[in-house]
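Form predicted alone, single chain, as structure tokens, below.
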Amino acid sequence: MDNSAPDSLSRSETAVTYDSPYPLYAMAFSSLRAANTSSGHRIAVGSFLEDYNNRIDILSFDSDSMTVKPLPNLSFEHPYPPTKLMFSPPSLRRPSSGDLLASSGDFLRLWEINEDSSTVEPISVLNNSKTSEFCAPLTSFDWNDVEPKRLGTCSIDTTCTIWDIEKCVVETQLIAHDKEVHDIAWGEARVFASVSADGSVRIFDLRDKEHSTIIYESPQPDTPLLRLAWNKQDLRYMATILMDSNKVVILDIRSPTMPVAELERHQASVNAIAWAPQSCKHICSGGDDTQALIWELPTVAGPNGIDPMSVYSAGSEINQLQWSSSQPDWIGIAFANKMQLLRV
């Protein structure tokens, strides 16, 4: 990948940049092609403003012409910065042709994005608190690919909540950790994992809610784990990152406690990780060193560690990274007020 320093909506052979009026954090690729094929694939980006009033913008990406353009009619306000955005998985059968977008922040919110009528309709606001009209802030969520009516959220109140979004009811709520839960990821229809400020990765099975399995703990006690990515092409493998650490920790759930690899070529803290959607051996990481690194995991790591197979330098610290499942040649990164799409 080349390094480029593009301006608003600029492009090179390997990168396309969208310049936002505000800092960006949350980002999601739609798995649906837009109704009007000329408008390509949809991408959602969320602002990161220390304020109640934030925004979600819907962009259209055409990989043939290498262009990204905002769809102003589909831009809408969001309370507080969204901590995560996800479009519904393609397995979700819906009566309408619109895209369903979920966001987390003060609540879990579902929005229907209808490009035909240029409207965004709020579908539901889901509160996981049984005792209050407010709920503890949500740090992240994940949509279940296998059973797409099921969506799991995690919160600073130590809980994970599993929602049935068709009925808008809580299927179950688990006290998952001793401290804030920072991320959640589904493996199978009824199996999910989470990471926490208590420094542990835990796996839960909804068929046995009384128990969880700890498969990794931070080497230094109480070092928070920030992100979790489960390899959808090979469910034996997960990746996690530690607070203020330049490592990406690769775990094999068959051999708990000891990582199978530690990727240590970042020069500063890692902020985001994403497995390749079409390959079980590739993972991308982005960090405060402004670099996005793509790694190919060997069968056995050598004595000197693993070097990335490609390096991309952004303009500033990379805060977010997503690998498009519908267009696996493209990775999206967010830094400062830019969203950049990288061809891999």
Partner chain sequence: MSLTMADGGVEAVGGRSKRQNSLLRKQLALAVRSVQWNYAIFWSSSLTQPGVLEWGEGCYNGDMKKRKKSYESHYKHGLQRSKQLRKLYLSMLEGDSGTTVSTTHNEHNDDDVHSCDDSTTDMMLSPDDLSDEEWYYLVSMSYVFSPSQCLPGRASATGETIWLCNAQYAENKLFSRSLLARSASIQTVVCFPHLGGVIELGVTELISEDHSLLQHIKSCLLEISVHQNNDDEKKMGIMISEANLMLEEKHQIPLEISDEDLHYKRTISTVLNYSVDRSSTNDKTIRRRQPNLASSDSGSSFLRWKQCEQPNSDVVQKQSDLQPQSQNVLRKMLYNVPLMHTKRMSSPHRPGMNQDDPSDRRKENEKFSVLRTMVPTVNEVDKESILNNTIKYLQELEARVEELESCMGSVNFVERQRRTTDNLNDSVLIEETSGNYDDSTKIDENSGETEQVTVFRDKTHLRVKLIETEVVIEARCSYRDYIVADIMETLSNLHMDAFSVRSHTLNKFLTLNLKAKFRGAAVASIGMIKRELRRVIGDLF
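Worth saying up front: this structure is predicted, and the values here are computed from it rather than measured. Numbering follows the first chain given and starts at 1.
Not pictured, yet referred to below: the form predicted in complex with the partner chain.
Output flag, 106, 224 and 232 jointly within 4.5 Å of the partner chain in the predicted bound form, heavy atom basis: Answer is yes for this spot.
is_contact(residue 18, the partner chain) in the predicted bound form, heavy atom dist at most 4.5 Å: Contact with the partner chain, no.
Residue 207: touches the partner chain in the predicted bound form, heavy atom cutoff 4.5 angstroms: Result yes; residue 207 sits at the interface with the partner chain in the predicted bound form.
Any non-hydrogen atom of residue 256 within 4.5 angstroms of the partner chain in the predicted bound form: Heavy-atom contact with the partner chain at 4.5 Å: present for residue 256.
Contact flag, residue 139 vs the partner chain in the predicted bound form, heavy atom cut 4.5 Å: Contact check for residue 139: yes, within 4.5 Å of the partner chain in the predicted bound form.
Partner-facing stretch of 176-184, 118-126, 162-170, 67-75, counted where any non-hydrogen atom is within 4.5 angstroms of the partner chain in the predicted bound form: Result for this chain: 176-184.
Neighbours of the partner chain in the predicted bound form among 305-323 [non-hydrogen atom within 4.5 angstroms]: The stretch 305-323, when checked against the partner chain in the predicted bound form, contributes 307, 308, 309, 310, 311, 312, 319, 323 at the 4.5 Å heavy-atom cut-off.
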